[in-house]
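Only one chain is given next, in structure tokens, and it is the form predicted on its own.
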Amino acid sequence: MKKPVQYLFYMLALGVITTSCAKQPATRTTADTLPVTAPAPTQDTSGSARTAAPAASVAGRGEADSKKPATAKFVPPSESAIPKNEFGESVLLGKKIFMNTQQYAKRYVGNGLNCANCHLDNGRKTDSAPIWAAYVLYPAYRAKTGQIDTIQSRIQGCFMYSMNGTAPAFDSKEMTALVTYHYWLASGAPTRVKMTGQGFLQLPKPAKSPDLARGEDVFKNNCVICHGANGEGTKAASGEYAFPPLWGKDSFNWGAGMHRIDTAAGFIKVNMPYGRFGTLSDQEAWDVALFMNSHERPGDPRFKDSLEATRDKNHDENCLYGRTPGQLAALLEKKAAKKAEADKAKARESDDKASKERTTPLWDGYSPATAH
């Protein structure tokens, strides 16, 4: 009698175990259960590093998202979020230097400009070379220097060329503050991503070649009120410039990025005339950029041997350094023809490769690559 009872007990226990297992939820291989890559640290308002919420970089989905241009518009933190501690003090000093370089970094400046003259809204404005978009792209190789530049060496270049001055040392208080300000404005931004609004707008090639006479008319009708009849700028009661000089001894030198016609045209199209942004046509932006950059300004610090030698080494670009507008037009036409020929050659090479792939015979159902 004992054996039947024991047998019945074992059967009941086995049934309970089987039922419990059957009711366990099945493991789902969805985005909720797949591993997520560790997010990059961002800056919180206390100045210490924190971990951001995981991005949509789930394994098997969006693996290469960090290499793609950002689709969402980045918004830097508001100034009210600057922390009230030592880190925040450095951020504020960097902002002061950026806004009023003449006062807070005068020993490194050789003209009448401030950082904020080109990087509008204290380095925040899109298509005005916002510094939050620049910070995340460095270190990077630059053809201008022929080396890997850090954000520090990039800032040094701004002082040498745009400010026509001298480069602050990497460990100077001014450099530390400026880098801290860059870093803070880029809080939460993805690294190694060219974000929307980075740099200056790249205008398409104009319908007509830029013209000095047309550019002078645009200048007289739109720019004189702020920048003066001779591009000399307008000074405030303090003696500092309320509106910066566009050429002459107090403007950027021939090594600054703004001396390039295409760079200046992109900046002008989006950001000028002040208070009437975007009212100029593309053609007017090109014409007035040519006119502005046809005037004399401080020399290129890279000058060596002769104007022609310096031009050939450092100015194979859309600029009037050591050349007339006519010579520039001829140079650009030559470069365009060379590029078109290179594009044709590349297309022919691609077509030839595709043709060979289509005509390659198969042996026994295998391609030559797998047959070997």
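Residues carry their position along the shown sequence, with the first being 1. Because the structure is predicted, anything quoted here is derived from the model rather than measured.
Same protein, other form: the form predicted in complex with ligand HEC, not shown, and the subject of what follows.
Asks: Name the single residue among M272, L201, A177, I261 that comes within 4.5 Å of ligand HEC in the model of the complex, judging by heavy atoms.
Replies: The option sitting close enough to the partner is M272.
Asks: Any chance A81, L92 and L185 all have a heavy atom within 4.5 Å of ligand HEC in the model of the complex?
Replies: Not a single residue of the candidate spot has a heavy atom within 4.5 Å of ligand HEC in the model of the complex.
Asks: Please name which of the stretches 73-81, 204-212, 185-193, 161-169 has residues with heavy atoms lying within 4.5 Å of ligand HEC in the model of the complex.
Replies: Flagged stretch: 161-169.
Asks: Would A143 count as touching ligand HEC in the model of the complex under a 4.5 Å heavy atom rule?
Replies: Because no heavy atom of A143 falls inside 4.5 Å of ligand HEC in the model of the complex, the answer is no.
Asks: Please run the contact check for F252 against ligand HEC in the model of the complex: heavy atoms, 4.5 angstroms, yes or no?
Replies: Contact with ligand HEC, yes.
Asks: At 4.5 Å between heavy atoms, is Y104 in contact with ligand HEC in the model of the complex?
Replies: No, Y104 sits far enough from ligand HEC in the model of the complex that none of its heavy atoms falls within 4.5 Å.
Asks: Is T126 part of the interface with ligand HEC in the model of the complex - any heavy atom within 4.5 Å?
Replies: It does not: once ligand HEC is placed as it appears in the model of the complex, T126 has no heavy atom within 4.5 Å of it.
Asks: Scan 108-127 and note down the residues that get a heavy atom within 4.5 Å of ligand HEC in the model of the complex; none is a fine answer too.
Replies: Contacts from 108-127: L113, N114, C115, A116, N117, C118, H119, L120.
Asks: Given that the distance between the C-alpha atoms of K335 and L201 changes by 3 Å or more in the model of the complex, do they end up closer or farther than here?
Replies: Closer, not farther.
Asks: Knowing the shift is 3 Å or more, I'd like to know if the C-alpha atoms of K144 and A265 are closer or farther apart in the model of the complex than in the shown chain.
Replies: Note: Cα gap between K144 and A265 widens in the model of the complex.
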